[in-house]
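Here are two versions of the same chain, shown separately as structure tokens and labelled structure 1 and structure 2.
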Structure 1
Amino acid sequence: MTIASSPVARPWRRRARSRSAINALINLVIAAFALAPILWGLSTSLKPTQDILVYPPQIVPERPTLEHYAMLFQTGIQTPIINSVIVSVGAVLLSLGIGAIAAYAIARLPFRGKTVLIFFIVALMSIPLPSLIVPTFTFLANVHLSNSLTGLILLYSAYQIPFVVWILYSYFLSLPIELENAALIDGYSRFQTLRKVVLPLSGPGLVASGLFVVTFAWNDFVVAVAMISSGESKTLPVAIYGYLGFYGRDWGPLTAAAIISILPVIAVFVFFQRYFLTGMTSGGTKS
């Protein structure tokens, strides 16, 4: 008789199956709560205007239509989408470019005050974003960048660089230093070592930090609505806010615009999920 089929092992196997079933049920409930608003918004965006507020509500649209999505593109939702793409991509490139150099210097170069600098970076990440809006708006206004996509890119990068540095610093520490020493012996400079040796090995860390930056830049409303007043420079979250109105809610276009805004983020996370998880966990231990 094997151990697995013995009478002693059977209760243990039943308990293990029970725990698995309970965990699966808990995960299902959590997923249902998380997805319910998104699915309801999708359902609302596909309903004709006269069916949106009917009672009892229609969970599945009886007469699905794309009229709200068509109206969005007829009224120029393309411009805010393009603006959000420009700002997000610019913030990611600038944050990763500066953050990678800073993180590598902190991780590998010996200098006095390194501990104080790391503490300062952590302190920067704890500053509430709303407290920075007034001074940053004043600064951008003085340099004539308060109503431009360039100003938003600079702001988002400044807000996210400390977080990028923290993630990449931990990730660089997990890489074997012998590879870098070999590159230095071969005549590479520190910058060449970073560009040709360290960064190619740091894909998961770069992806993890880049996803945090792109999520912040794509979804931000508070900073964008404070810094941007021109309709041509509005980002997607600010454009969506325009459908709320003063006297009512245009629920069809509002939910359609919300669905359009979340689809790119979901697609990016699904595509980079494996790299994101690796990047967030690899810095926890040193090789």
Structure 2
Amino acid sequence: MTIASSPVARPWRRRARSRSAINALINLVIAAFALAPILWGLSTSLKPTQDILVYPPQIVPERPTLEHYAMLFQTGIQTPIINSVIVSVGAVLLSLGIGAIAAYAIARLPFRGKTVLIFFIVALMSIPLPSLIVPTFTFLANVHLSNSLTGLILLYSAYQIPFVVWILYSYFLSLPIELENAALIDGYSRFQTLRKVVLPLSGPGLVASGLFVVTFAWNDFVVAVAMISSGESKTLPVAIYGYLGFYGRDWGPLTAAAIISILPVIAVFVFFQRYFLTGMTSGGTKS
């Protein structure tokens, strides 16, 4: 329609402009609603302790300081951060390894029962984790894997491989099959074809599923708090939960720890936004 751009249709244009002003206002409200708790936490984490409880509250810290962050690092928040990094990296490597091979088989290799397997994958993706933690703790304690990062890596992989398989399965299906056929004719085995032909072409699929696993492992609290109790294997969310009991109403260090936990996630999310959506629309629930 070209009416809006013709000079005769002035009222149209004015209406369009006021409409876009309203849209901008709504967008602002959405952003404020989503970000206010985070920005308020950031502001609190930058205030000296005596300014945190003043009324009326300062929206922007008047005397910004990093003392709470410094205090956290002096009291050893490095250990849980490193634990969270180890768990995240371990879970990504294990789930991408096992997941890629399984996804390739489902996408390209013949076997009976494939439909059943696909339904199992969707079912696995939708099992909510809080309902699993008691039996899982019972099990891990029996095989002496509770309270260990290895146990956590194995659990995270088990919970995330269905998502990895699902994302990579649809990605592999979208690749041209001719290249694989050529590789097979040249004498590559199926496994070599996957490793040397398919995976190098699957960057976006691997990034999407890898990010999904990393954010899950980095963010997870429910599984970790049930499996981990000792200080030296605590992951960052479990450590923050511990701070909640320890610092109580001392919100400076608490909000600082919260910001430390979410900054990397927000940074990754900003850079790789579209990959996140691939994982989210894949049919499961994450909690």
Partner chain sequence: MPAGQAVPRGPRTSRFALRPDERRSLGFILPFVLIELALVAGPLALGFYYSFFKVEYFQLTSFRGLDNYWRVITSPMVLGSIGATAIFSIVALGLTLTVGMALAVHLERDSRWNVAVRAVALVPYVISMLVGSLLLRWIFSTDAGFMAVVLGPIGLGDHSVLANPGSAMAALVFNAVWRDSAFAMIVLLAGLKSIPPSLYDAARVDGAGAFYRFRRITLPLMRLSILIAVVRLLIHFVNVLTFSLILTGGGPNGATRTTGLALYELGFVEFKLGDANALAILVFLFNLILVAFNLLLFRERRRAP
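Residue positions are counted from 1 along structure 1's sequence. Quick caveat, the model's predicted, so the values are computed rather than measured. Take the two forms, superpose them, and find the largest set of C-alpha atoms that agree within 1.5 Å; that set is the rigid core.
- Structure 2 derives from the form predicted together with its partner chain, whereas structure 1 comes from the other one.
- The Cα shift for L28 between the two structures, taken after rigid core superposition, is 2 angstroms or larger.
- Taking the core as reference, the C-alpha deviation of V268 between the two structures is 2.3 Å.
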